[in-house]
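One chain follows as structure tokens, the form predicted on its own.
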């Protein structure tokens, strides 16, 4: 009996190590198959002709010799830089108002400011057409300029990118040491000099990171320029035209590689900046609290209210357009557009497909990403493998959705690929969406896990408790807020994404976001608005349910947080 016990004690750690190794290998395989292999295949396709023969850089030479295609690079950079300036400027002022003033209505503004995240990027483009198009009731505001082109693209992108910038800058401005400001005040330093020498240096890394994030989102966006770009071509729409319009997959691969370069460069610079960032708050720091200043507070309040009003106007216009009979001639209310008569399957099938995709990605993605992050952060041994998995988990952030979707065509649609059976299925859409949004969820998981004391695992190991028991009995309940945030993040993005999946659906797996695109192309503008509003309302309901569920679960499973 004693010998058997010794054998079990000796083999138990090796069995756990084997399980850890297998799960780590599975995580690596997921990202290799779901990201690296497709990207390599796409790169190879860009070096081949239509017959599949290797021609080197001939496709790239042809691209740069075609003025219409080359102009897309300058157009993309132009609208991306303009959007970055507008969004970061507004977001910084609003974040400053939230964190550094006593403006009234902060909570309401923050609630309204995140609404664009719940809508597909197609929604603001549709609303802007109703507002500033040829029949728009605010068309005179543009003083004769057309909404179809760079003006509309910058406005539409600014709408849906603004919440991302606001959250980044709010976080950066929240952490400040009151002692620095007290010293500046005691020395009689003017407010503007205090801002330049204390506030801006304190948020410089967050501000620079925000600049690159906004630029990357703007230069890779597909939905807004597709709806409202008109004849103004950008790289993302060029990929779509080459593949769908001309069936020129090789040139589509070339444009994708070019689109990938600025995104990868922004990602590398952002990572480098974050490595240089140091803690802004020491253990002796005193949290800074704003003081009352009626003039300043109301100036920032009016600015924030104006931004919130613009957000509500855009969303409200889409809702109103989906309910009127025939804009602008017959404004009687009807629900006819929600029957989606412009689609063969009635449109509701696409909405149900999006629900299936969103729930599948939220469930599978949360479990896979969080468990992989736990193995990376809390496991011992297999250090090269854990570092490799962490590195690959960071890569999806640098890959635009349009590029990833096209890469999936080249890799999974190959006749000799044993995974060819996945092409056109819901499983491939789940894999694509999971990989596309992997990085943010991974970083969230790692951040939450770093806050846990390593002694939890050490005590479990000393008591001979299997690591999976420690995981679901201790780690998972303690990290529940992060897990819930990951799940709703994946759900909302799966509902609203369009660029990554626009090439991968078939008649049975068409998604609601793709349906918006097709309804707009077919001329059913009100039905397109209705589908976009339906996506928004679905995301909003799930977000509210998530908030309620989080409140209940945290009260039941994490009462110790309230006690502390």
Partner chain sequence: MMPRRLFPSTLLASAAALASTVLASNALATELMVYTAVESDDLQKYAERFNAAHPDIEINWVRDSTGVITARLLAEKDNPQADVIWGLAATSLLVLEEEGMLERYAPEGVDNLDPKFVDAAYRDGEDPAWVGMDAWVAAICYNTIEGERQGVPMPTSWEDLTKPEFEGHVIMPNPNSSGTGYLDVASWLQLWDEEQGWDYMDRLHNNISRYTHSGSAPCSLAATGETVVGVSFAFRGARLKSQGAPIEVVFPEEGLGWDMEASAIVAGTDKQEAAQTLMDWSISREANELYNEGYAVVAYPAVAQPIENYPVDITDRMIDADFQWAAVNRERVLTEWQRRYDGKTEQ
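Residue numbers count along the first chain shown, from 1. Model, not experiment: these values are computed from the prediction.
From this point on, the text means the form predicted together with the partner chain, which you will not see here.
- Proximity of residue 57 to the partner chain in the predicted complex: non-hydrogen atoms within 4.5 Å are absent; the residue sits far from the partner.
- Under a 4.5 angstroms non-hydrogen atom cutoff, the partner chain in the predicted complex lacks residue 63 among its neighbouring residues.
- At a distance threshold of 4.5 angstroms between non-hydrogen atoms, residue 523 is in contact with the partner chain in the predicted complex.
- Within 4.5 Å of any heavy atom of the partner chain in the predicted complex lies no heavy atom of residue 97.
- Heavy atoms within 4.5 Å of the partner chain in the predicted complex are found in exactly one of 22 to 30, 35 to 43, 515 to 523, 492 to 500, that being 515 to 523.
- With the partner omitted here, the residue from 188, 201, 328, 418 that has a non-hydrogen atom within 4.5 angstroms of the partner chain in the predicted complex is 328.
- Of the listed positions (374, 148, 305, 92), a single one reaches within 4.5 angstroms of the partner chain by any non-hydrogen atom in the predicted complex, namely 148.
- Across the proposed site, 134, 249 and 349 without exception bring a heavy atom within 4.5 Å of the partner chain in the predicted complex.
- Residues are counted as partner-facing when one of their heavy atoms sits within 4.5 Å of the partner chain in the predicted complex; in 370 to 405 not one qualifies.
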